[in-house]
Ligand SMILES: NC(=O)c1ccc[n+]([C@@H]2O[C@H](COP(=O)([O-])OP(=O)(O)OC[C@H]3O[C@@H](n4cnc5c(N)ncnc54)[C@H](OP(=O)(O)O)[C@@H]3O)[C@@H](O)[C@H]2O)c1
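One chain comes next, on its own, written as structure tokens: the form predicted alone.
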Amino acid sequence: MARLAFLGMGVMGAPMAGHLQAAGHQVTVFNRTRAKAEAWVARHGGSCAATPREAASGADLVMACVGNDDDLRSVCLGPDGAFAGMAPGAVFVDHTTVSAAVTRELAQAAQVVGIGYVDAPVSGGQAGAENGQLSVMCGGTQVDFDSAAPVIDAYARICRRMGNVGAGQITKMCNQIAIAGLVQALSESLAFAKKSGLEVEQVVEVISQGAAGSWQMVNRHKTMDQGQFEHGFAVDWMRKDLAICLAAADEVGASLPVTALVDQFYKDVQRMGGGRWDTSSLIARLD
């Protein structure tokens, strides 16, 4: 069992930290809105801290799952940041989906103070976090990964080292690129079925058993058919992720024409007032 800190008590971080506490680890949590951290402690036990530095003090591993590049910098750096409280040899594990640039920046800052760094973005959404069934893609040294992986297993369906620092974030970009095109294709398929007079449920029952089947089809077709999007992974966050993907593609000379197009479709959804809707709301453009 380990002494751990978890920074960020959002819809992903709170259940992930809960799995760690349930596994018997000693967990201290931090959240910018302290009430969320206190609510987590009331439910799960453990303790909460006033600053990232205080949470990280004495921890073997510090996990973070926050919003974006700037949020991650704010919990890592500065006199109250986690890095200032971590002892040499401790490992920082970032579960946030952020740019490869900030990952490299913070990994270098961690190296300066003698701590390890693993970028470990996740896929599986809120349900995956709550059920401990996340896919975790990691970048970092083998030594740092080996320290983190047994702890990450508390909320992971699969946890793999993809390469050195940054490889986890690049793998997450691959994930988001695949999802963007898939959700648009699924939206078109379901919209076409409805306008052709078919029952969506019957169509999905058949085609989900063949080559067209996917997690999105199985888990989102009903709410897509009903026009219910007040759940899941928000369009605003997906656009943040796709911006990261498109910028990284420019750096390496990769072409992402479908991803760029779907990003603009999500922009349309935002204009419709759907910034907080689930990513499956692409179908709303077609109805």
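Don't overthink the numbering: it's just position in the shown sequence, from 1. The shown structure was predicted, so the numbers you read here are calculated from the model rather than taken from an experiment.
Separately, the form predicted together with the ligand exists; it is not shown, and the next lines address it.
Using a 4.5 angstroms heavy atom cutoff to the ligand in the predicted complex, none of 3, 47 and 132 count as contacting. The stretch that touches the ligand in the predicted complex, counting heavy atoms within 4.5 Å, is 66-74, out of 222-230, 38-46, 66-74, 246-254. Put simply, residue 108 is far from the ligand in the predicted complex: not one heavy atom of it is within 4.5 Å. Looking at residue 85, you'd find every heavy atom of it more than 4.5 angstroms from the ligand in the predicted complex. For the chain shown alone, residue 11 is a contact residue for the ligand in the predicted complex, at least one non-hydrogen atom being within 4.5 angstroms.
At a distance threshold of 4.5 angstroms between non-hydrogen atoms, residue 122 is in contact with the ligand in the predicted complex. In the predicted complex, the ligand lies within 4.5 angstroms of at least one heavy atom of each of the following residues of 30-48: 30, 31, 32, 33, 36, in sequence order.
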